[in-house]
Each structure stands twice: as C-alpha cells, then as structure tokens.
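Before any questions on how it binds or moves, here is one chain, the form predicted on its own, in structure tokens.
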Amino acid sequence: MSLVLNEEQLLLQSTAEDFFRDKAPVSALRKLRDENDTDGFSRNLWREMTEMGWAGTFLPERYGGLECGFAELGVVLQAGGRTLVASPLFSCVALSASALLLGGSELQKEELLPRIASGDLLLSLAFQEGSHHNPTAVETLAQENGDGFSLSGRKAYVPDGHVADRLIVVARTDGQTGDEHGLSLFLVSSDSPGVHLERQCMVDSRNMAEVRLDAVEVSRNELLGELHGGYALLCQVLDRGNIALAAEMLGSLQSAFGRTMDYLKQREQFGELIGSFQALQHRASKMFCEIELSKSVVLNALQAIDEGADNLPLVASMAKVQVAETFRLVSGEAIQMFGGIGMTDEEEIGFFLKRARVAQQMLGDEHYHLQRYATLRGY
C-alpha cells in the first residue's frame, strides 16, 4: 500500500483546493453565521459541488456516480476542511449514501442514489440519542403495524437534519437498550406526519437537528438492510463516517497550522520575530510531526475502505484518535501563539478551534475510540 496520492488524486486535490479557496473561504462561513442562514450552507455552492461530481465520487456509474473511490471523497473533504466549508457532503454522501450503497435494496439504490449524486436529494443519518456517542443506546421504537412499522422516539445531533428530505433512522425492533441485536434502519420522509425537526446551531457555526418521531408510519419497503440486524450495517457506516470526518479534520488542522506558522513569521516581540524563539520552534516541530503522522493514517484509512480491508474498524478508530488528538493540539497551540488577537472574533483562527471541539466529539471522541480499539484487539 503506497501512502501517497496518485496523479489523478493530486489533480483532484488541486482542483478542490482552488475551488473552495475561491468559492468558500472562511469568510463565507462567517457570513452564514452572521446572517443566521436558515439552511446553514449555500445551496448555490452545493449545486456547483454536485456539478463537479463530488456528491457521487464513490458511487457506481449506474447510479449516476463517478465510480472513483472513497479516497477521492476524502481528498475533497480534506480540501473543504481547509476553509471550514459547510455543506451536506459529510451527512448526505459520506454517511447516508454509504448506508444506501451498503445496505439498500436494488430498488432503493436505483431510486435514491442518482438523486443524491445530482444534488436533488438530501439525506441524513439519525442514530444518536444521548449526549455521548453510543450506537447501541437506542430507545426509539419501531413497532410492527400491519404491513409496516410505527416509529416513536427522539434523535439528537442529526447533522444537517433540518434540511434533509429523508432521514435514515435507527430504531429498535427487538431486544433492550444497549443490545446490538434488534436494531433496524428505516428511510423516513421528513415531511411525514409525526416528524418534527428542530434546528440546532452549534458552536462551530455548523447545523444539526433534534428529530422527534411521534407514531410515524413507514412501510416495509422503507427498511434498510435486515430487520433486527442493522447494527452491523450501522457500524460499517460509522467507520466510513469517522474516516471521512478525519479527512476533513486533517484539512482543517493543516490550514490552522499554516496560518500559525505565517503569524510566527510576521509578529514581532522585543524587536524579534516570535518565530525565532526556540521554545515556539520546539512546539511547532511537535505539531509538524503529528500532522505528518496524521496524513499517513488518514490516507491509509481511506485506502482501507476502497480495498475492503478486514481491519477497517481498527483503522477507522485509529484515524479518529490520531487526527482528533492532533487537531486538539494544533488548534489549542494556534490560539496560544496568536495570543490575544486569537481570542477575538475578528481573527479567523478561532473558527478552527471551535470546529475542532465539535468534530472531535462527532461519532465518538478519542477516548471512545481508544477504548474501542483496545476492545477490538482483545484487551
């Protein structure tokens, strides 16, 4: 396995970085925040992204995709992370399209995946219920009701859930809370009777939603994967999600590091550039080393998806731990090195710190994944 991008991926990286730098700088996120945009992202930007084919990066051609690979999606996410782009690429493509591709029936794939690739349909995965990541802590019930199911419960922190046309809802059809057996995934239209969406603006200026389901009726055709056997599918989707999130976080921390290094070369103290201070050089060196390691870990994880590696759960948790810890280090050091100006809203470096703190928690923080990695290794 070569831990370098190939020629096509390098071209995609260059194209995506130029696109986001010109079309979606950090100031665009600030504008969305200040105007309290109801969508939380630019519909025009998303249309342009889908016209570039990025919503169908890893989808087969027969479903309207480019049939490249998850590594190519990771390249785009990393480029978007550099400017903190707000878009449905993570929620709709990395998570939801993966769930459909891995667990959907042929009819579901033919109906929904082409619309995702074209940007005509937005989906989001609704699985979390508490404040902390725990895929088996599901109390939302799906009770059999004639030819279908009736869903009741509450979901928290659903990414872009307030704008999703459909939700992939994880519900319990058997067993008790905490059991792996008995989870099932359902496609639910957001405009169905009994579905209530409440937008949540996060500290990083991204959007999530709280979803309430009050006796929402769905047919058996809306079941995604096996009845009672949705946990295995959910884990595969979350592994892909964590790797995609790690790729985006990598782009963000690289940008934060670059901005900090530029500042060290400009800011003077006692008549000297602060970048000449040995103590700051040592701290910068530590960040550089961790970033280089993170780059290899993320690329290895992206390639593991495309190669169908058996150790994907281990690789996914390893990537999330490494990148989350590095993002925590880099964003914290950036604020320290910028000093007082770094604490102001005027300076953009604060946006990276806020993004770091939210992204670290999504789909399980580094403590959760360290424990998961140890458990998977038999400790």
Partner chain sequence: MEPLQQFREETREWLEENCPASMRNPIKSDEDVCWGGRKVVFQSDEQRVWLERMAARGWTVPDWPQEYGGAGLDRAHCKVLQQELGRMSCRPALTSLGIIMLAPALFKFATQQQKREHMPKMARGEIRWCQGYSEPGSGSDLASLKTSAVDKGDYYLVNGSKIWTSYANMADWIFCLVRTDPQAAKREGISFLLFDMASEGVSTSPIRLLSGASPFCQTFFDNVKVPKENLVGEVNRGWTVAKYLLQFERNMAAGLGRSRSPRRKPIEQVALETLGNDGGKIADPVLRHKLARFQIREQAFTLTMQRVGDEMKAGGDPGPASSVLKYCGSETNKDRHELNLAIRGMDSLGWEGEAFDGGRIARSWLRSKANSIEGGTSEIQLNIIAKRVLGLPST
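All values reported here derive from a predicted model rather than from experimental measurement. Positions refer to the first chain, counted from 1.
The same protein also has a form predicted together with the partner chain, omitted here; what follows describes it.
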| item | value |
| --- | --- |
| Listed residue that, although the partner chain is not shown, lies within 4.5 Å of it in the predicted bound form (heavy atoms), from 114, 275, 135, 175 | 275 |
| Single option in 295, 154, 196, 181 placed near the partner chain in the predicted bound form, where near means a heavy atom within 4.5 Å | 295 |
| Non-hydrogen atom contact residue 286 with the partner chain in the predicted bound form at 4.5 angstroms | yes |
| Proximity of residue 318 to the partner chain in the predicted bound form, heavy atoms at 4.5 Å | yes |
| The partner chain contact at residue 232 in the predicted bound form, heavy atom, 4.5 Å | no |
| Touches the partner chain in the predicted bound form: residue 37 (any heavy atom, 4.5 Å) | no |
| Heavy atom contact within 4.5 Å of the partner chain in the predicted bound form, the stretch among 320-328, 343-351, 27-35, 57-65 | 320-328 |
| Contacts with the partner chain in the predicted bound form - residues in 232-266 whose heavy atoms fall within 4.5 Å | 257, 261, 264, 265 |
